[in-house]
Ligand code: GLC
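Single chain ahead, by itself, as structure tokens, in the form predicted alone.
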């Protein structure tokens, strides 16, 4: 992807601005990557500027890949910390970003903070410091082609991984026999990065393997459920998924899907709005919860927040922009136009929001059953633990023995926990 190369030179890229820096106050917001997400952010910024004509705003795109985006942020704070005022933060980054963030408890009223899901506010609070304001929730879902299920005699979407495998293989075989030789059954994210942690955790939990850490905070990977989930995923490679799926991120999977070259896709909710507007995919796309491996369905909870850099020259104005972009009107617009799930419970009672994202009707169940990565418990150690986890998962996808790699990863994670106590 082009954005991977751009990540290396992001610090010297010209800013993508919604207006020239003609006013006395110029803010820079970094995060929104490309496509519809970037466009919605630009629209929101323009709406803000109409209300605050004395403030100019530059929008700085960064890589969509969360691991690469974090590397760009670190370069910013190491080399030119005052160059960005507001940054978009992954749900698992509060501890990593806390030292760079303004404490928003000092700038927002309690009544404003309480309008967001309490779980998200708790997630974004580090040692009593509110690091960021929730902006949107990322929920992984299974996309499927309604027309192809009907064509091949399947009455409903799969509820288990075994059903998905059966349907994906049958549809793939049938489409290839009709001449579409590069059609695939299922696309997902197998690249070695944070996105693979999300996928692997879903496989692990749905096969009864528990979470990365057990209830006592000890690593819990080397068990039959986790091994079964990883072995199952590895069996898809070059069978119902492309051979290079082990290098796919969200954009790669979506590109194959948008070309009509896959029957199923695991991705976040935002591609749903793209499908609704696509002339080819329109009315052909269905969305259901992720399949089960014999235990409950598991969907890794994701999401993005906005935080104000403590190095900002204009903290008051930066907080104004964050307040505006995360308010109810903006979240409503982004949900309807872009399928970005709101962080405000009140919007889950909005008929237009629910109509545009019908799968949000089960938000309470999704949030209750979400597979939560242990970033809060691990704090600054989360990145190292996650890296050990996704490296092991990636090795298994490439043919390594799951039991051996999980045992090694468990020891590595235990060492990380001991070294950083």
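For clarity, every value in this text was computed on a predicted model and none was experimentally measured. Positions refer to the first chain, counted from 1.
Below, we refer to the form predicted together with the named molecule, which is not included among the displayed structures.
- Residue contact check for residue 194: one or more of its heavy atoms lie within 4.5 Å of the named molecule in the model of the complex.
- Although the partner is absent here, residue 394 is not a contact residue: none of its heavy atoms lies within 4.5 angstroms of the named molecule in the model of the complex.
- Within 4.5 Å of any heavy atom of the named molecule in the model of the complex lies no heavy atom of residue 161.
- The closest heavy atom approach of residue 373 to the named molecule in the model of the complex falls within 4.5 Å.
- Listed stretches are 194 to 202, 239 to 247, 123 to 131, 272 to 280; the contact stretch with the named molecule in the model of the complex is 194 to 202, by a heavy atom cutoff of 4.5 Å.
- For the marked spot (91, 138 and 268), a heavy atom within 4.5 Å of the named molecule in the model of the complex is present in each of the three residues.
- Of the residues 293, 185, 219, 303, just one reaches the named molecule in the model of the complex with a heavy atom at 4.5 Å or closer; this is 303.
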